[in-house]
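Here's a solo chain for you in structure tokens, the form predicted on its own.
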Amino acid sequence: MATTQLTSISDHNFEQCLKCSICTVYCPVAAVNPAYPGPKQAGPDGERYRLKDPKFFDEALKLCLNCKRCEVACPSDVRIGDLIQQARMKHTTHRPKLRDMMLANTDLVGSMATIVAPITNFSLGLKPVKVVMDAVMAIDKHRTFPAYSAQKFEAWYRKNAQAQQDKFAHHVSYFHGCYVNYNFPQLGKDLVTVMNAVGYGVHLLDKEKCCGVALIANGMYQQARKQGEVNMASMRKSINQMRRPIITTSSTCTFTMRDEYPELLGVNNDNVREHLSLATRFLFQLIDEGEVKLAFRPDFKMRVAYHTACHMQRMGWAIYSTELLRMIPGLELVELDQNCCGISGTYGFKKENYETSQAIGSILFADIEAAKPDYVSTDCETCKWQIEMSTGVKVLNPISILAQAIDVEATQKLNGVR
């Protein structure tokens, strides 16, 4: 860890722990897996022992989802999740396996998979292939990987980049992330549609790397740090030279770059953090301040159940997405109870975690079934995978719902876009 960014003990406030155990009550892993000691024991209690002797480190800490629900629940603002993740970084003796490297290197795997997307998607969907991956790589056979797109979002954007330059008075840079680039470019296109309609041109960063959340989860910290530095340099250029704030469509990417970069990786995000925002928050604030207006299609009808992703809950930003959805006249919104879906990115794809993952998500799956929505909406792509795989209900990002619901031409007129 970079010496200028080393965190002291008090930075994570573990001395402030009251031993009330509310974090353990709210922990989704402790509720279903007795092998996990729970966040109080794994975090502040364990840290006291680890400071005396690193031999007290317990490899069971790898069962932590890093969902941050313990931190949301803590009355003393102890950064319990960061304590656990930092302990893993310092003390684990396990090295990443081939499986972990493949799951974590989303740019590398995505770049290769999109070249032969139809073959990749067909192959990954075959039962014999799943059985082999289960036996050889310990990727659970019940999992289905999200489909890869034949055209990357970046390739689509380059063909349409000029349209973002000319007629817009305002501009933003878009950190699209791996999922939009390799798996679901439509979300990126939907963002461009919405932002253009309210008078904002959308641009890509000079250089963008995966935010690094999967690398952190799989023990590849040096690579995550290097990619974080690339992202911060590109964002500083956008903010300082081009006067463009940064927006995203992934709650986890946003949380990782705003909060985990300095706390876990030692990546300085000064002068970037406050200019980096989820698109729904950015758009809601513009509307709330009277800067932009939306017009909606009179024929739009949809029943939507909104799921608050764990990192969205940690940031406290779910209200921006739900309030935007409430603005749509033809949309009936059901807010689901804030339960973890259980997948936590690559965690739920691993054979040893599958049963825990599904047990955690079972309450959410039942709530969705009871709500009987046309769609579920969430700001996290891996929550989308878990919900679609486990319930069969299609999941849309709030931005995609807005793109369907707005009257683009009327919205452009309201915002003076010609």
Partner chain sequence: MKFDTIIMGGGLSGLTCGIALARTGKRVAIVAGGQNTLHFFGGSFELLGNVDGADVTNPLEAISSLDQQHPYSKMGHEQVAQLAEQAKSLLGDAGIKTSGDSARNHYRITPLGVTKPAWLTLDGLATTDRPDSLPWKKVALINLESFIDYPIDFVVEGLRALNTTVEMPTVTLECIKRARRSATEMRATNLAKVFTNTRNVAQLAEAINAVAGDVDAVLMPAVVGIDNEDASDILKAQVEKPMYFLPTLPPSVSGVRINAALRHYFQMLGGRFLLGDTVDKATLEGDRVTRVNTAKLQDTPLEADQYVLATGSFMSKGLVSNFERVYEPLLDLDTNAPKEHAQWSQFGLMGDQPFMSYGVMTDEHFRPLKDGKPLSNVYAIGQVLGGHNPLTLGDGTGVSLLTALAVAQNILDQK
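Keep in mind that this is a model prediction, so the values were computed, not measured. Positions refer to the first chain, counted from 1.
Although not depicted, the form predicted together with its partner chain is the subject of the following passage.
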- Task: Heavy atoms, 4.5 Å, its partner chain in the model of the complex: which of 29-37, 373-381, 387-395, 345-353 makes the cut? Say which one.
- Result: 29-37
- Report yes if any heavy atom of D299 sits within 4.5 Å of a heavy atom of its partner chain in the model of the complex; otherwise report no. no
- Query: Quick one: is A138 in contact with its partner chain in the model of the complex, heavy atoms, 4.5 Å cut-off?
  - Reply: no
- Query: Any chance T24 has a heavy atom within 4.5 Å of its partner chain in the model of the complex?
  - Reply: yes
- Query: Is S234 one of the residues lying within 4.5 Å of its partner chain in the model of the complex, judged by heavy atom distances?
  - Reply: no
- Contacting member of C74, M257, I247, L191, with respect to its partner chain in the model of the complex [4.5 Å, heavy atom]: C74
- The one residue among Y148, Y157, Y320, Y306 placing a heavy atom within 4.5 Å of its partner chain in the model of the complex is Y320
- Scan 158-194 and write down, in order along the chain, each residue with a heavy atom lying within 4.5 Å of its partner chain in the model of the complex. none
